[in-house]
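The chain below stands alone and is given as structure tokens, in the form predicted alone.
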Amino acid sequence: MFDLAFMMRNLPYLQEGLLVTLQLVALSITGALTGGALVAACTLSRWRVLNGLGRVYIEVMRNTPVLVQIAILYFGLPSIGLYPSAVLSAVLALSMQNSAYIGEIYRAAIQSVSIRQTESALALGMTSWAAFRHVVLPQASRRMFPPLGSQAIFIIKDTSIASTIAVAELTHTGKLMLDRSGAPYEVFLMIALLYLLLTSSVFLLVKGLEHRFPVKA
């Protein structure tokens, strides 16, 4: 039976781990959004070399586990003289893997906008960049909100993997609390509720953006 008093009494001890998780989420999402733009630029490029590099990157990142990627960065790079911290290794791995998914989200959203709209903008005298910025991108951005929200939720949940290299995030802090308390149900229920709070916040934010900026037919 759950000890509710224990949960309420010990919930503040997870605060530090929650803050580290939020830092990982913020840095990883920023890195993934930036990297995704570079990946999309490659896959949309007419240059075969860039297009091929983008495709290879996507396949490698999407088809290897993020846990393996973290291990390669944290345990493998020291063999060539690079010593990234545990936090940096986690952020890089999460950013690199999710940039592959986000790059495909960008590409699909951009290509979903009819080419006729670009042609019409060019016919009116706009440059290619102006047509992309003022005609294509605003419409594509509205279509990105739902999949980007889902990807942000995946990042939030995947930050727990950082506990495998002793990053003091929420899951790792919970494990330390478990060692001291011997109350697995209460500890992991608190952790689950905090993750649910984070993911629900992202879900509500995305729903608000969808309502504020609806996709126009």
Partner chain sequence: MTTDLLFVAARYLLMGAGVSLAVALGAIAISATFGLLLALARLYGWWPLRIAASLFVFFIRGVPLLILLISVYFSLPYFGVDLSALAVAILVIGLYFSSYTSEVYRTGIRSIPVLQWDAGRSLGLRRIAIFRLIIAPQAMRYCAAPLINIFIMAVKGTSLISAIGAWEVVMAGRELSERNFAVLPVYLAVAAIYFIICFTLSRLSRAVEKSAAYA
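Because the structure is a prediction, the values reported are computed rather than measured. Positions refer to the first chain, counted from 1.
Below, we turn to the form predicted together with its partner chain, even though it does not appear here.
- Its partner chain in the predicted complex comes within 4.5 Å of no heavy atom belonging to residue 43.
- A residue is said to contact a partner when one of its heavy atoms sits within 4.5 Å of a partner heavy atom; residue 195 meets this definition for its partner chain in the predicted complex.
- Of the heavy atoms in residue 30, none are within 4.5 Å of its partner chain in the predicted complex.
- The closest heavy atom approach of residue 126 to its partner chain in the predicted complex falls outside 4.5 Å.
- The contact with its partner chain in the predicted complex, taken as any heavy atom within 4.5 Å, belongs to 71 out of 92, 135, 110, 71.
- No residue of the trio 6, 23 and 176 has any heavy atom within 4.5 Å of its partner chain in the predicted complex.
- Contact residues in stretch 171 to 190 (any heavy atom within 4.5 Å of its partner chain, taken in the predicted complex) are 171, 175, 178, 182, 184, 185, 188.
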